[in-house]
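We begin with a single chain expressed as structure tokens, specifically the form predicted alone.
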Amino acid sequence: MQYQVFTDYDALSEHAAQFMLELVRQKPTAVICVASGDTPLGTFQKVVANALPNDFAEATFVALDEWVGIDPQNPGSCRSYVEKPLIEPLKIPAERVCFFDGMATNLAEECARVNEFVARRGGLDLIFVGIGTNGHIGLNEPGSSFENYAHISDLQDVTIAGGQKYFQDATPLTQGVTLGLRHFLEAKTAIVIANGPRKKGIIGRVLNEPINTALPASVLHQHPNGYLWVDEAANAKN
């Protein structure tokens, strides 16, 4: 795992955006998994602002996760947090984007569908994610197996509470569907980013605690091409 600290969120986002742009310029057919939430938004904005017309003409995107029971059109859905700032501005056609459907009547089949989408394209070239204050990656909560592919996850209270900020009204959140930590390990490159003082504690844990399923983000230590990028406010080494 390579750890790097950037002066601020803007510099972190710029670096991450340039990494993604360089990837698609070197491999136009890249398969990229991106997370939702607030942390990646700066990166998405800079990717859109700096992309050349054909940069993403052949690239494929996979969204990391989704809240179970939330309509995809809901502004607080994980889909909305990827689709609006990134997929729509880049004009990625529907056949080259895979979102989880949190409203699916058979969630096991939905997970199998997403697994098949990734596998049929030869796996992920890049997985680009944030980190929760409890160490989750996507909705892989503490205790999640490192062997999981896409699966249904029971959400912890801290994730449920944190998720409310994405919704205008109180919204019941109990489960999610998410790519698994096996997807993370099998991606050719894995990047975890974090910003702000709220993430400093969990970054310190990832840097200092042994690899264990109680700390899902510790899986990053097992990745042969893994990166942990933070801004100065989240830096646990200062």
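Note that residue numbering begins at 1 and tracks the sequence as displayed. Everything numeric in this text was worked out from a predicted model, so none of it was measured.
Keep in mind that the form predicted in complex with a small molecule is missing from the display, and what follows is about it.
None of the heavy atoms of residue 42 is located within 4.5 Å of the small molecule in the predicted bound form.
When the small molecule is considered in the predicted bound form, residue 58 lies well away from it, no heavy atom lying within 4.5 Å. Residue contact check for residue 198: one or more of its heavy atoms lie within 4.5 Å of the small molecule in the predicted bound form. The closest heavy atom approach of residue 38 to the small molecule in the predicted bound form falls within 4.5 Å. Heavy atoms within 4.5 Å of the small molecule in the predicted bound form map, among the stretches 111 to 119, 144 to 152, 125 to 133, 89 to 97, onto 125 to 133 alone.
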